[in-house]
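First, one chain by itself in C-alpha cells, the form predicted on its own.
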C-alpha cells in the first residue's frame, strides 16, 4: 500500500516584509554605490529561509554579507582582472590582424563559461552549508570541476542536437547536484530519469519550430508587401500574443514534468519526495514574477523569490518521516567565503 504523502513544507513569509527589505536594499545600495548588495543579499536570504518551516520547525540562514564580500574581492583580483587583461590583449591582436587574437578568444569564451559553472556549484555548496534546520546544517560534496565539465558537455550538445539533448542534460546535472546534497551526516539520493520528458519535449520543440517558421514568414511577407508601420506593428503584436500560447504553454507543460520527475527521483533516508506541479499555476507564477521584476526594474525581486518559495513549499510532499534523531552534525563547515565567481562573472542576483 502506497503511504499517504505528507506536506511538511510551509512558507509563511509576508509580502510586506519582502517589499520592505527590497526598498531598504535599494536605498542602501544607492548610498553605498552598490557595495551594500552583499549584505542586502544576505538579508533577503534570511527573510526567505526564515519564512520557511519544515515539520513546523523553522529553517535558518547563517551566511554573512562579509563572507560574500570577501569572496567577491578574491575572485575580482585572482580571476576577473587577469581574464579582463587576456580579453583586452586578444582584442589588440585582432585589431592588428594577428590570428592569435581569434585563437585566444576561442579559448577564453569556453574558459569563462567553465568558471561560471564552477562558481554556480560552489555557490550552492556555500548556501547549503549556511542553511540550518533543527541545528543541523546542509552541505554539498562532489567536485565543482567535475560538475563544470558535465555542464560544458550539455552546453555543447544542446545546440548541436537542436535542443534534443536538453532533457538528458538537465537530469544528468540534477542527479549530480542532488546526489551530492547532504543534511548532517546523511546524503540525498537521486535517480531521476527522462521518462515522459521527451514526449513533452517533442511538443515544445514542434511548437517552437512552427512559431519560428510563421514569424519568419510574416517578416518576409511584410517586407515584400510594403505594409505600413501601423499594420506591421499590429502583426508583430499578434505574434507576441501568439507566443504566450504557442511557446509558453508547452514550455510550462515541460517544466512541470521536469519538476515532478526530479522530486519523484529524489529520496532522503529511504523516503521519496513527490511534487504536484500543474501547468497553469506554474505559468501564473512565472509570468507574475516576470511582471513584478519588469515593472519594478528588478527592485522587487525579493517578492518574486518569496512567491517561488511559497509555490515550491505548497507542491512538495514526502512519503514518510525520516529518522531525524539518528542524524548527526556534519564535520564539513563549507567554504569560508561565498559565491565570488558567480558574483563577478555571472552578475548573480539577490539570492
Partner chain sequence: MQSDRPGRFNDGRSASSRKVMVRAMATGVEIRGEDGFLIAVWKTDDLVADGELPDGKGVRLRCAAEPDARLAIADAVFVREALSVPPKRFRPVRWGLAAGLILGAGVLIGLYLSLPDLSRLGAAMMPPQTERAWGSQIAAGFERQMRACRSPAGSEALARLTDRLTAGLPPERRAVTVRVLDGKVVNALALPGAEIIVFRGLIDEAGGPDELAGVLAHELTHVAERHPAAALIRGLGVGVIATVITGDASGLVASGLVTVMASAYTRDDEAAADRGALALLTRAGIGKDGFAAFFHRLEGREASGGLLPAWMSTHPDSKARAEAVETATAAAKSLPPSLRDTEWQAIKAICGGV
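All values reported here derive from a predicted model rather than from experimental measurement. Positions refer to the first chain, counted from 1.
There is another form of the same protein, the form predicted in complex with its partner chain; it is not shown, and what comes next is about it.
J.: For the interface check, one of 273 to 281, 165 to 173, 256 to 264, 129 to 137 should have non-hydrogen atoms within 4.5 Å of its partner chain in the predicted complex; which one?
T.: Among the candidates, contact is made by 129 to 137.
J.: Select from the listed residues 321, 64, 31, 290 the one whose heavy atoms reach within 4.5 Å of its partner chain in the predicted complex.
T.: Filtering the options by heavy-atom distance leaves 64.
J.: Ok, 205, 218, 114, 80: which has a heavy atom sitting within 4.5 Å of its partner chain in the predicted complex?
T.: It is 80 that has a heavy atom within 4.5 Å of the partner.
J.: Is there any non-hydrogen atom of residue 211 lying within 4.5 Å of its partner chain in the predicted complex?
T.: Close contact is absent here: in the predicted complex, residue 211 is far from its partner chain, nothing within 4.5 Å, heavy atoms only.
J.: So, in the predicted complex, is residue 35 in contact with its partner chain at a 4.5 angstroms heavy atom limit?
T.: Result yes; residue 35 sits at the interface with its partner chain in the predicted complex.
J.: Is residue 39 close to its partner chain in the predicted complex, meaning a heavy atom pair under 4.5 Å apart or at it?
T.: Residue-level check for residue 39: yes, a contact with its partner chain.
J.: Within 4.5 Å, heavy atoms only: does residue 145 come near its partner chain in the predicted complex?
T.: Contact check for residue 145: no, nothing within 4.5 Å of its partner chain in the predicted complex.
J.: Do any residues of 9 to 33 have a non-hydrogen atom within 4.5 angstroms of its partner chain in the predicted complex? If so, which ones, in sequence order?
T.: Counting only heavy atoms within 4.5 Å of its partner chain in the predicted complex, the contacting residues of 9 to 33 are 10, 12, 33.
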